[in-house]
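Heads up, the chain below is alone and in the form predicted on its own; it's given as structure tokens.
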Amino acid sequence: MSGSSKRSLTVGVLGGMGPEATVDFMARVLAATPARVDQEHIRMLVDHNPGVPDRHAAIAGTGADIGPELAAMARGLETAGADFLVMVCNTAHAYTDAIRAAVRIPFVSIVDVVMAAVAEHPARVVGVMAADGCLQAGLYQQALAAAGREPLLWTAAEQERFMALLWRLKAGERGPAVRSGLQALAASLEFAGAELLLAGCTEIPLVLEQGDTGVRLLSSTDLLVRHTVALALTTSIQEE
């Protein structure tokens, strides 16, 4: 006797940039999914590829173009059965056009997801906590300006301190020195006038939480998690 059933959409994850941020994203997806048994969780196909060349060097023009590699990852996930794609790296979204051109399935931009959350907040001045490549590509500065918000960035010296902390995070450090360093950098944006903070780097939530800042902190990771779960579960496919 044959029957039909519905399944949630399959998520294709472009990951490995960096590795722990990808694992953190997956763990948060599991935690955010209202599942009572294994079968109610979301299927994720993950290309965990830490071999993608340095995104910051690529954007600066001093390293290899990563567009073709990201496009190949996207095609592989589509071929494997993904219904839509996400990517756990803000900086790599500078290559969104290359990814979208390579596949027929939707690619959900973390920048778009974050900006949808910004639109719900009355803040005029938004402090952007992001890595060099992300800032050089102007991903959030352009999006915020287009939305009538003022992006507030760190000074050059503060940005340098953030990058040093980021490399320590990528090396596995999670101690109080790294956390307090990020807290201090967040506070510097608040003191400079930020009414809202944007964690535009998926390593930041590994150590920095909402309670660590004096104003609301929007985590790009958590916002992408929320959107991913909602999209996967509210859109289903009928199977015979």
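Numbering starts at 1 and runs along the sequence shown. No experiment lies behind these values; they were computed from the predicted model shown.
The following text describes the form predicted together with another copy of the chain, which does not appear among the structures shown.
Proximity to another copy of the chain in the predicted complex holds for none of 175, 189 and 193, with the criterion being a heavy atom within 4.5 Å. Out of the listed residues 215, 30, 57, 207, 30 is the one that sits within 4.5 Å of another copy of the chain in the predicted complex by at least one heavy atom. Looking at 207-215, 30-38, 194-202, 179-187, the stretch with residues near another copy of the chain in the predicted complex, meaning non-hydrogen atoms within 4.5 angstroms, turns out to be 30-38. Put simply, residue 23 is close to another copy of the chain in the predicted complex: some heavy atom of it is within 4.5 Å. Put simply, residue 73 is close to another copy of the chain in the predicted complex: some heavy atom of it is within 4.5 Å.
When contacts are judged by a 4.5 Å heavy atom cut-off, residue 100 does not count as touching another copy of the chain in the predicted complex.
Although the partner is absent here, residue 170 lies within 4.5 Å of another copy of the chain in the predicted complex, judged by heavy atoms. Along 42-66, these residues reach a heavy atom to within 4.5 Å of another copy of the chain in the predicted complex: 42, 43, 44, 45, 46, 47, 48, 49, 50, 51, 52, 53, 54, 55.
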